[in-house]
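One chain follows as structure tokens, the form predicted on its own.
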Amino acid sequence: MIRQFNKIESVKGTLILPGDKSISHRAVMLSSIADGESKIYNCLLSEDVLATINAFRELGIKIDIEDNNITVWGNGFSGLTEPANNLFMGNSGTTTRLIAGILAAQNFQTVLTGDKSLSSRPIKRIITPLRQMHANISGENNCLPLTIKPSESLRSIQYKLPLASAQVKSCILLAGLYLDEETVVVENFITRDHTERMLGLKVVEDGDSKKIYSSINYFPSATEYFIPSDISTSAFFMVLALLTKNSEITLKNISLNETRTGVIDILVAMGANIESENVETINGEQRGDLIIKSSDLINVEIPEELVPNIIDEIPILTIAGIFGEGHFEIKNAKELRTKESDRINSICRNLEKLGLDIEEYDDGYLISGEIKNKNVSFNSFGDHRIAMSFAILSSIVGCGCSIENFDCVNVSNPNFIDQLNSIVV
């Protein structure tokens, strides 16, 4: 589907956005292996999260959906059952990497498959530590399909993360829930900490590193989850409000987890007028309302240590950088090459169409110059964050810019267009 965008002069109003994708995945998984009835409020029902829901239904879990609230009847420690079919992960890397840790501890075989995009993304990063735990797991050329067979000798390990990845960390910690002895993940990077917060895991600071402990003692119980709105989804509307004149929007109930707010920190450093109010903590997760007003932005150097924190927001931060004073540069972001698309390539190829000056690196890029071409057609590359980022850019530039394969936004935010239209003045 090709979607054309007209120029937006101003935005005002209030948005209540879908639940956080990372937390929604985890809430469904933890509820499914807990014993009894759990409630999940404001769960994101994107294609990615539905892949998680459908997988656990295939594994014998009853899950009811009413609007964006979900009831899960978990079957407890040994309650998952062998699926009749392969488990289809769709485009969801989160589902694939996290569920593999749970399935490694089961007494039946499962095979994980995915769409073309997901099947091309490497999963050796989870195969390696799971094999160290003696999991019986194998991928086709370190990609999907992924076959997981029962292991008679699953064991705990201490594993130092070789790269910043909350998904790898969570995969190991979820496998560790099925073991008596403690599994320890050591990280020297700042990564999302939703898994350890939601499970109440022991976390020990050790100099410049952090140790996270998992064992059967932390196995989840049935409970209620109240999901805050997704900060990654919010970032698109933040940048739109900042870059359009005479604009002010309020984003309600946004996740303000400190491992996720790097996008706000960078935008504020660039001169963004962003304020928070009504901040509170629920289920161990901080949340609050954000007020965003039109601002003149100046590009700043992005610290290396912040890059893992903002990896999903780099596409929309790049759009903000195009309109900021000076050049925009991102480095130390090679992880972008292994997302739903090669996002470094996707961003650079699209921005070239505008006549901007592009210097592409292996781990990032530098963008400078002025927009010379306006009536262009962008390629989403089948990547939801690329599609939404260039939707915001197209709405600012105007002149009939369009985006090919725009329906890929359904992966994370099926209602993006309705939300956008609701705040246009």
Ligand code: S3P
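When you see a residue number, it is the position in the sequence shown, counting from 1. Keep in mind the model is a prediction, meaning the values are calculated, not measured.
Beyond what is shown, the protein has a form predicted in complex with the ligand; the following relates to that form.
**Student:** Could you work out which of A164, C348, V300, I157 is the residue within 4.5 angstroms of the ligand in the predicted bound form, going by heavy atoms?
**Tutor:** Going through each option in turn, the one that passes is A164.
**Student:** Consider the chain as shown here, without its partner, and state which of K211, K252, R125, R197 has a heavy atom within 4.5 Å of the ligand in the predicted bound form.
**Tutor:** If I apply the 4.5 Å criterion carefully, the residue I get is R125.
**Student:** Taking K39, T223 and N283 together, does each of them reach the ligand in the predicted bound form with some heavy atom inside 4.5 Å?
**Tutor:** Judged in the predicted bound form, none of K39, T223 and N283 sits within 4.5 Å of the ligand.
**Student:** So in the predicted bound form, does R287 come within 4.5 Å of the ligand, heavy atom to heavy atom?
**Tutor:** No.
**Student:** Tell me, yes or no, whether T94 is in contact with the ligand in the predicted bound form, where a contact means a heavy atom of each within 4.5 Å.
**Tutor:** Answer yes; at least one heavy atom of T94 falls within 4.5 Å of the ligand in the predicted bound form.
**Student:** Quick one: is I311 in contact with the ligand in the predicted bound form, heavy atoms, 4.5 Å cut-off?
**Tutor:** Residue-level check for I311: yes, a contact with the ligand.
**Student:** Verify the contact flag for N413: yes if a non-hydrogen atom of it lies within 4.5 Å of a non-hydrogen atom of the ligand in the predicted bound form, no if not.
**Tutor:** N413 lies outside the contact set for the ligand.
**Student:** I need the one stretch from 288 to 296, 107 to 115, 166 to 174, 145 to 153 whose residues put non-hydrogen atoms within 4.5 angstroms of the ligand in the predicted bound form.
**Tutor:** Heavy-atom contact with the partner occurs in 166 to 174.
**Student:** Since the partner is left out here, which residues of 178 to 197 would have a heavy atom within 4.5 Å of the ligand in the predicted bound form?
**Tutor:** The stretch 178 to 197, when checked against the ligand in the predicted bound form, contributes only R192 at the 4.5 Å heavy-atom cut-off.
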